[in-house]
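This document opens with one chain alone, in structure tokens, the form predicted alone.
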Amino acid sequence: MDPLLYVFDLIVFIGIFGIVSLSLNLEFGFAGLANFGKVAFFLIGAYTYALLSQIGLPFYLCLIAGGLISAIFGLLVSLPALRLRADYLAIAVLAFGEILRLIVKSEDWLAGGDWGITVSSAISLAGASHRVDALVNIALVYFCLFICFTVAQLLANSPYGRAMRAIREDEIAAETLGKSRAKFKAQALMLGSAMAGVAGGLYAQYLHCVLPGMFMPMITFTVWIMVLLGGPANNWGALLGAALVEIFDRGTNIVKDYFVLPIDPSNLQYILFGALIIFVLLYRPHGLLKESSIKTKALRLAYNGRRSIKNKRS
């Protein structure tokens, strides 16, 4: 493989999983939702894109539809699941993801079964080289990443984001102030699912196919590693975690071409991931980047007021 294409491929995957990491950070980092079924909404976005692209819809409509349908499923899952405690919620959403994967695997009429669906690239330029196609994909992925990041940052620094953090910290106190726990968590799950659906559509478009085996539960746990490593409730941390994990993931796959190891690099990768997450939780539980501070006009005014008082006293 062309080394430059390999780098482009890595950049695309960092962008795609950066979006998924942002979506989980919104749910877990800000709203405190333990979503262990993230791969389900990633799958919904990918299969929605694949099925709609087969009937000739433009790629941008397929992406939007993937996000909307994932958001609808996020709402439907949240209605019964949010009545459960955090640990039972995690189990319920994890089961939903695995059931969904088994459905698309078993039902040939729905999504091709084990053979999956072939997706024609909608943004390839006629006569262009593979490098040019890769650059076009990078532009599309990072345009979507920019939109998702902007939305996540605006929410984090808005009254809505402050309400989500309050519910995460103390649900009872937040509800006494009129903030509905179920409403905010359902909305966070919907928005996070929509982002994951868009990422799934980009994934399908880039790989030109979707298969049930591409959506194993390990995808969810990898995204959790990204968020925990980078730093929950910090959108820059979510992107940093996605970049580090993807670089590490690809790096272990090239190791076998240059070194003879007594263990398969894929298995070594899981061992190192496990050791890494234990190390982070023990010695840096807030991740590489601390939780982002709230940036609002009211806080800036309060900070400036305190500073001016201190200056007058001095």
Partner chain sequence: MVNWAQVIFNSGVTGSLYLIGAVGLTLTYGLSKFPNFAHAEFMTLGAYIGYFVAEQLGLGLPLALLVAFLIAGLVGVLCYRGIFQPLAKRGASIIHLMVASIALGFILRHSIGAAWTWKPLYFTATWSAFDAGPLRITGLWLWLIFAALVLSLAMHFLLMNTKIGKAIRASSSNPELALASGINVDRVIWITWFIGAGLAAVAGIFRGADTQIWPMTGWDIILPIFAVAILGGIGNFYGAIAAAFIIGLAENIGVVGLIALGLSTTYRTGIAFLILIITLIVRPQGLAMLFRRA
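Worth saying up front: this structure is predicted, and the values here are computed from it rather than measured. Positions refer to the first chain, counted from 1.
Missing here is the form predicted together with its partner chain; even so, the following discussion is about that form.
**Q** How about residue 267: is it within 4.5 Å of its partner chain in the predicted complex, going by heavy atoms?
**A** Residue-level check for residue 267: yes, a contact with its partner chain.
**Q** Looking at the partner-bound form in the predicted complex, is residue 28 within 4.5 Å of its partner chain by any heavy atom?
**A** Yes, contact at 4.5 Å.
**Q** Spell out, yes or no, whether the shortest heavy atom distance between residue 240 and its partner chain in the predicted complex is within 4.5 Å.
**A** No, residue 240 sits far enough from its partner chain in the predicted complex that none of its heavy atoms falls within 4.5 Å.
**Q** Would you classify residue 34 as touching its partner chain in the predicted complex, given a 4.5 Å non-hydrogen atom cut-off?
**A** Residue-level check for residue 34: yes, a contact with its partner chain.
**Q** Could you work out which of 144, 138, 117, 94 is the residue within 4.5 angstroms of its partner chain in the predicted complex, going by heavy atoms?
**A** After the contact test, the surviving option is 94.
**Q** Taking 88, 274 and 281 as the candidate spot, are all three within 4.5 angstroms of its partner chain in the predicted complex by heavy atoms?
**A** Contact check passed for all of 88, 274 and 281.
**Q** Taking only heavy atoms into account, state which residues of 96 to 115 are within 4.5 Å of its partner chain in the predicted complex, ordered by sequence.
**A** Heavy-atom contacts within 4.5 Å come from 96, 98, 99, 102, 103, 106, 107.
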